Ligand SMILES: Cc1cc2nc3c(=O)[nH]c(=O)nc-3n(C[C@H](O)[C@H](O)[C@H](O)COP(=O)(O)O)c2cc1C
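Next up: just one chain, as structure tokens, the form predicted alone.
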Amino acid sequence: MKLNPWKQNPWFESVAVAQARAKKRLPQPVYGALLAGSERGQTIADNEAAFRELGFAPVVAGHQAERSMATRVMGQDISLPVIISPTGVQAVDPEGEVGVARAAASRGTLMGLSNFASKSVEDVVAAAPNTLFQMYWTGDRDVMIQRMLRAHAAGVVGLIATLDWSFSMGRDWGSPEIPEKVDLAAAIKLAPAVITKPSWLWRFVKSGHIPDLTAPNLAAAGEKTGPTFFGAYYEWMTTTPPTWEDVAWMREQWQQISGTPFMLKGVCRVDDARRSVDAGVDAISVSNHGGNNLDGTPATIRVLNPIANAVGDQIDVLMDGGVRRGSDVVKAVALGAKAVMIGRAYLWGMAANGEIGVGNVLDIMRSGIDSALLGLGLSSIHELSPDSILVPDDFIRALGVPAGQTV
């Protein structure tokens, strides 16, 4: 059998290549939804650019022959300090969150599942037992408890509460047109964008399913299907924002229902990190919602170290935002993160090559971490510290710290 020398190698060597393939393969509205960001895009740009300001000072000899990147997060042992961040409605591939979960399980890490996901928590946990379920503060308390009970019954190993959304509107580059559901009218309207991407369309044709824009994990008790994404979004927007007492209530309910760890995602300030500890959380993720929140928030890698210094000896501190390579992970761990959460990176991998593409992204992260540890002469990620990297004098942003105080 002769090989086609022009056929594209499905393996990609960087997240940037995965993004380029995703852009080429996806209909423009779908790619635009993955790109996202808010307002002028200041925060989404800084999330990634800030990592370029951090450097390394590699050693010339004394490298370690064996290097370990295993760690423990949210009570779970993982093979590398990278976990899947929950993102909603992953209809860029027919397998969606189930394919992502299988890739995460095969690489020995945790799967984060959004309650805005396109696949049910039961199906995802069946594919990856080490799944964390994520909830927004939406609906009344009885509804939230019902969703927690369902997630616990499915077998998740922890809960993530994402509370940092401020509903920032108006992207300078324009927001993608996303239908509420894929019916005949939507199909006709989107046909010009979709028909030019036959390989993407063919994957759905082969699967026998159209892109699913519903949120099954938000289905009411006794219902088989959940609301559309926009229905779920409306519930979210019309729910009164939570207080710190609500955070403590949510954590307490989960403790009584499951007894597994509780993470608060969206912390950017030292004072909020300390309040999180007071509320009884087991972990926080230093996050600005991937630049989809209040634009002008500093990159999360800039605000990480003061937060880790303040509470890292009491709870697990994670970080998400702008991670595109293994060396970024090493920089985050050096500044105090136990692990990072990735979002766009694996979504681009999935868009480029399905489940295999997600595994490809995780392999890129693993290889990059290993290369950085080798160059630094370290045998483990647990040996990393701020002294392992070069940090410019004006890099760190300590938010929520009274003037004159340090952390």
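Note that the structure is predicted; figures quoted are calculated from it, not measured. Don't overthink the numbering: it's just position in the shown sequence, from 1.
If you look for the form predicted together with the ligand, you will not find it shown, but the lines that follow are about it.
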item	value
Interface segment, criterion being heavy atoms within 4.5 Å of the ligand in the predicted bound form, picked from 375 to 383, 53 to 61, 339 to 347, 66 to 74	339 to 347
Complete contact of 33, 134 and 290 with the ligand in the predicted bound form (any heavy atom, 4.5 Å)	yes
4.5 Å heavy atom contact, residue 93 and the ligand in the predicted bound form	no
Touches the ligand in the predicted bound form: residue 119 (any heavy atom, 4.5 Å)	no
is_contact(residue 302, the ligand) in the predicted bound form, heavy atom dist at most 4.5 Å	no
Interface membership of residue 86, the ligand in the predicted bound form, 4.5 Å heavy atom rule	yes
Residue among 282, 320, 295, 328 with a heavy atom within 4.5 Å of the ligand in the predicted bound form	320
Candidate from 217, 162, 276, 109 lying within 4.5 Å of the ligand in the predicted bound form - any heavy atom	162
Heavy atom within 4.5 Å of the ligand in the predicted bound form - qualifying residues of 226 to 255	none
